[in-house]
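Next up is one chain by itself, shown in structure tokens, the form predicted alone.
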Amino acid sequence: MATQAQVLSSFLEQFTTQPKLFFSPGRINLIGEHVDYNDGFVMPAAIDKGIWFAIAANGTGTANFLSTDLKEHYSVDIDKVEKSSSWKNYVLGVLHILSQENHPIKGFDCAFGGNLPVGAGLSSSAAVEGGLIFALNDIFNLGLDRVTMALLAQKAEHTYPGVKCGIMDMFASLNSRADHVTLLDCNTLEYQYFPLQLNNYSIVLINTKVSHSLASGEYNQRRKDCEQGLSLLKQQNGSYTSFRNVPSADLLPYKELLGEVVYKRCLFVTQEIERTQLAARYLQENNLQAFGKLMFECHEGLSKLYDVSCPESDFLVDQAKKHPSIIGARQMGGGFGGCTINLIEKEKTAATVETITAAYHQTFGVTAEVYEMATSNGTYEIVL
């Protein structure tokens, strides 16, 4: 992983242009998982870990990339962008979608890298895509606002990386406010900020070290299941135009029609939309105990209904339930690994985490990584 200084120095060693420097944060999501592509509500916040970009126009028709983390170079003609592989598809997807949407850019030099653990569920891909669009918008005066940039970054991930993600990750990375969470309506893109008043609690992530791969097809399959379920429900009831219009309590009569798997997917989505709206109320009331219970309920749904958990994540959440110092925990992100997010009493954080990670190591033979989270503003320029 790279630091800000390393990204800047690698740029200056590789290129002769004079760069601007930008920071694009990763994100956590307190609650509202897998509903951003189902017209639901989410509650993310940007974090102080992310990706730095050193970037400058170079007066040519070529885009030159340097991955500081991987020490890999890649150059492409702006007018001849094609799908490639690995990290290249995330930056090439951005170039492709800017061209498709008629936002003309010219050649540039770019070094990037950061301190987001890949596969941890902190949205490193969204930080790359949104950060690159933000930087290109600045150096080429494209005139894009932050919401439009988030939508473009989402389309970029849909193309070359091939992940049919929702809007949350990109939106949070670009639009967050430090010391706040954002309640985002993923249908209308209306949003509001709530102060994150944790009082005597900390947000702590425990990384299973199981690296998920959303492009493997499981993520896209969940989306197909939901689309199929909503289509069948619409045929039965004309008011079911969106999952937000389907009360979870109304689903049981349609179980046979939907089939076991699709029914479970729809049940989770409808319950999670309801949970997130309730969670927003609890946060406004500063009722962290009730908020934490919803996090535990969310994980149960992710594990048993949406089937996107894994034995390692389930183990960490089960361990969390044994500690009164933890009032809420769940798997975070797309699933199949990554991190659990935990609300832990500050004074007991060190001892609690030590006990849980020791049990995890004894069970799986893996040393879990632990990160205490601080929030951040959305993508911004660092003035050199």
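In case it trips you up, residue 1 is the first one in the sequence shown, and so on. These figures come from a predicted structure and were not determined experimentally.
Although not depicted, the form predicted in complex with a small molecule is the subject of the following passage.
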**Complete:** With the partner omitted here, the residue among 166, 107, 162, 259 that in the predicted complex has a heavy atom within 4.5 Å of the small molecule is 166
**Prompt:** Heavy atom within 4.5 Å of the small molecule in the predicted complex: which of 333, 50, 40, 44?
**Reply:** 333
**Item:** Among 280-288, 72-80, 167-175, 193-201, the region lying within 4.5 Å of the small molecule in the predicted complex by heavy atom distance
**Value:** 167-175
**Request:** Give a yes or no for residue 87: in the predicted complex, does one of its heavy atoms lie within 4.5 Å of a heavy atom belonging to the small molecule?
**Result:** no
**Message:** Would you classify residue 32 as touching the small molecule in the predicted complex, given a 4.5 Å non-hydrogen atom cut-off?
**Reply:** yes
**Non-hydrogen atom contact residue 219 with the small molecule in the predicted complex at 4.5 angstroms** = yes
